[in-house]
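Next up: just one chain, as structure tokens, the form predicted on its own.
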Amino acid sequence: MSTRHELESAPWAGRTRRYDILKEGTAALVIITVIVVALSAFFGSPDDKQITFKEWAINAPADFYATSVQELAGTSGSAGYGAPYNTASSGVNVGPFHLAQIIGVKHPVDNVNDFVITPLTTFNNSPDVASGLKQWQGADSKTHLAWATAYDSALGKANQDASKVPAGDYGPVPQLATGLLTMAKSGSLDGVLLSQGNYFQNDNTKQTLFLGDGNYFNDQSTAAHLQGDTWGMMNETGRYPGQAWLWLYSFWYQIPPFNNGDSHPFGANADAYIMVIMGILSLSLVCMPLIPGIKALPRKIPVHRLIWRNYYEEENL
């Protein structure tokens, strides 16, 4: 055994003193907590306040009104999303495999009732809206669809200006959309959507879907640089550094064919393809020690011998 090894293995003969690891750990925790709280008070968080339906209805009433009509007509983005919310479409796919369909509808969302009709039944509506709600509830689904699609089409041609929509057989759809807009402006819609089905509810899926169907939420995301083409997945609001480790996920959204838009098969199904790519890369990293050729690299490229050169020199290895 070398002299160095003898010294390293010999009992300690120097001075000793009592050491309390619990006391030191507690002191370190207190000090770090004080520092974190102090820095938070000065710098805070770059995150903006959450967007509410009240904010949306007040700042962009025409967009909220038009989105409410789309929910009734079934033409909104989430109404045609497919699994896990409904069966309106086959969802994203990887080749012949439709991943969402394989999982099925696990979180059912009824856009008409969950977003419009049920919330209106909880609100103190005006006589006009109450009458329209009663008329809607007394009609069948086929009539509902005819009313809503006719008004949705007319509103789109009028550039979302309800005052320019010509007269037509729209049933109570205009009154219902107006009633929901009034409810949202009062702030009541936020609480109603959150508490549907359970008083102690913390599932924000329905609110997020409804917000995402309109343009207001998307516009706020664009202004905060949170879109996919601005590497938004790895940013916080305002391009503050966020989850930088997500760069590898966000990278794929910046290059063809994944950034070619929804008209391209890979662009329309980018989320699914990128999930598969990242799954393969992650699995490859986990299995790297088992891959022939890769596991032999340390012997072929002995960087470790350079780092631990003193050890190898002493042991004559």
Partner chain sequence: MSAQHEKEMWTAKLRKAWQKNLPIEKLLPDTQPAYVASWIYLFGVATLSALGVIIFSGLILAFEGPSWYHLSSPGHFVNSLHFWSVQLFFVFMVIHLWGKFWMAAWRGNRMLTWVTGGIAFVASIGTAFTGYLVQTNFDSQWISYEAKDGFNSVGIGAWFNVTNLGQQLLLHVAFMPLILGVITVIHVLMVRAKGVVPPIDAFNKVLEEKK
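Definition used throughout: the rigid core is the maximal C-alpha set that superposes within 1.5 Å between two forms. Owing to the predicted nature of the structure, the values given are computational and were not obtained by experimental measurement. Residue numbers count along the first chain shown, from 1.
One more form of this protein exists, namely the form predicted together with its partner chain; it is left out here, but the text below deals with it.
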query: Position in contact with its partner chain when the complex is considered in the model of the complex, options Leu155, Ala100, Val129, Ala79, heavy atoms within 4.5 Å; finding: Ala100
query: The unique member of Lys164, Lys134, Lys106, Lys142 whose heavy atoms fall within 4.5 Å of its partner chain in the model of the complex; finding: Lys106
query: Partner-facing stretch of 171-179, 82-90, 146-154, 116-124, counted where any non-hydrogen atom is within 4.5 angstroms of its partner chain in the model of the complex; finding: 82-90
query: Ser195 within 4.5 Å of its partner chain in the model of the complex, heavy atoms; finding: no
query: Touches its partner chain in the model of the complex: Ile280 (any heavy atom, 4.5 Å); finding: no
query: Proximity of Val286 to its partner chain in the model of the complex, heavy atoms at 4.5 Å; finding: yes
query: Its partner chain contact in the model of the complex: Pro256, any heavy atom under 4.5 Å; finding: no
query: In the model of the complex, residues of 245-270 near its partner chain [heavy atom within 4.5 Å]; finding: Trp245, Leu246, Tyr249
query: Per-residue C-alpha change between the shown form and the other one, Ile255, threshold 2 Å, rigid core fit; finding: no
query: Core-superposed comparison between the shown form and the other one, Gly279 Cα displacement 2 Å or beyond; finding: no
